Ligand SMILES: C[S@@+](CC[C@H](N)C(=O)[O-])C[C@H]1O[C@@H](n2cnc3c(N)ncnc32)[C@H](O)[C@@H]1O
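Given next, in structure tokens, is a single chain: the form predicted on its own.
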């Protein structure tokens, strides 16, 4: 079965951010960790990559059952923002921008993390308002209750939740022709006939309990 339009978009995005994730993994104590939690695990792409890098118990949380998690991973079906588990490391990808109160969520996670625990963000969007297509997509995401500019506030949000920044960065995804089905699904009749190329800024970071 060929992947659906959302899965195709996520797979391309995941491949484009491989260098970012390798940097993040180098900053985390993945080998000695006992429990690693991925909230909002989605398609399971990140979990399958992580499983080869750690011997920790890998716990994945999402509202829907993920069909392709790595062997040995534990899946919890439910609302990830309400399911807070004790762990050494939390790592998420394009998850926090979906939450209505990410700061409150991170404060709860910090209390559940080990005293020397980490939270790694493998990517959060930071759409530009000076680009017409990005602005239209940002408006669409905002109408769905998401925060399309959350990436720009990572350090501020984590600092307010009791974390210190280990390292963070910004990457501009290489401009590519956006998936037509994705644009139509996201923008409906407002989807431009000739959208040009789209390259969105993605912010990442590694944060540690203070």
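Numbering follows the first chain given and starts at 1. As the structure is a computational prediction, the values presented were derived from the model and not from experiment.
Not on display, but discussed next: the form predicted in complex with the named molecule.
80 is the sole member of 126, 73, 80, 138 with a non-hydrogen atom lying within 4.5 angstroms of the named molecule in the predicted complex. A heavy atom within 4.5 Å of the named molecule in the predicted complex is found for exactly one of 20, 191, 198, 10: 10.
At the 4.5 Å threshold, heavy atoms of residue 99 reach the named molecule in the predicted complex. Put simply, residue 50 is far from the named molecule in the predicted complex: not one heavy atom of it is within 4.5 Å. Using a 4.5 angstroms threshold between heavy atoms, residue 63 counts as touching the named molecule in the predicted complex. Taking the partner from the other structure, the named molecule in the predicted complex has a heavy atom within 4.5 Å of a heavy atom of residue 43. Heavy atoms within 4.5 Å of the named molecule in the predicted complex belong, among the stretches 181-189, 166-174, 153-161, 32-40, to residues of 32-40.
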